[in-house]
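Next comes just one chain, in structure tokens: the form predicted on its own.
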């Protein structure tokens, strides 16, 4: 299986959903394309969308909602082995 491990591009608080009462951007099994929003990182009261860097299916989400991440921490794993995933 080919996979891509998506990592935090910079430190911040990671949010899996756009608002507290909304569904998460992605869950295990979700299909993503390059540039699909997978979460938000908050730095100094500014929110930046984190985009998928590979196309495929989300295999595992490794970052919790509201988790403080450092640059390079794993966010999720994308299975890139399927064509047209």
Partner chain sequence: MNGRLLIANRGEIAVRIVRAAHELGLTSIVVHSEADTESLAVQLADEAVCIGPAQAAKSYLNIDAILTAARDSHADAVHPGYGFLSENAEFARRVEAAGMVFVGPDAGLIERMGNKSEARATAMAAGVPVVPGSPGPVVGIDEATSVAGDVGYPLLIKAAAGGGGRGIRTARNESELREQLPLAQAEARAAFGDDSVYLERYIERARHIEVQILADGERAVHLFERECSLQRRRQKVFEEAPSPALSEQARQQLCESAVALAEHVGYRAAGTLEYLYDDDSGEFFFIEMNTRIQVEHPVTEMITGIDLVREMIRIALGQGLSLQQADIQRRGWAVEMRLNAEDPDKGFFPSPGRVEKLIWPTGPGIRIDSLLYEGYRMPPYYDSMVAKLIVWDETREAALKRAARALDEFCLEGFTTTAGLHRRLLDDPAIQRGDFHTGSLEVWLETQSQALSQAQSQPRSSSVEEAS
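Positions refer to the first chain, counted from 1. Predicted model only: the values in this text are computed from it and were never measured.
What comes next is about the form predicted together with the partner chain, which does not appear here.
Under a 4.5 angstroms non-hydrogen atom cutoff, the partner chain in the model of the complex lacks residue 22 among its neighbouring residues. Not displayed here, the partner chain is kept clear of residue 73 by more than 4.5 Å at the level of heavy atoms in the model of the complex.
The partner chain is not shown here, but in the model of the complex it comes within 4.5 Å of a heavy atom of residue 11. Contact check for residue 34: every heavy atom lies farther than 4.5 Å from the partner chain in the model of the complex. In sequence order, 42, 43, 44, 45, 46, 48, 66, 68 are the residues of 33-69 having a heavy atom within 4.5 Å of the partner chain in the model of the complex; the partner itself is omitted from this view.
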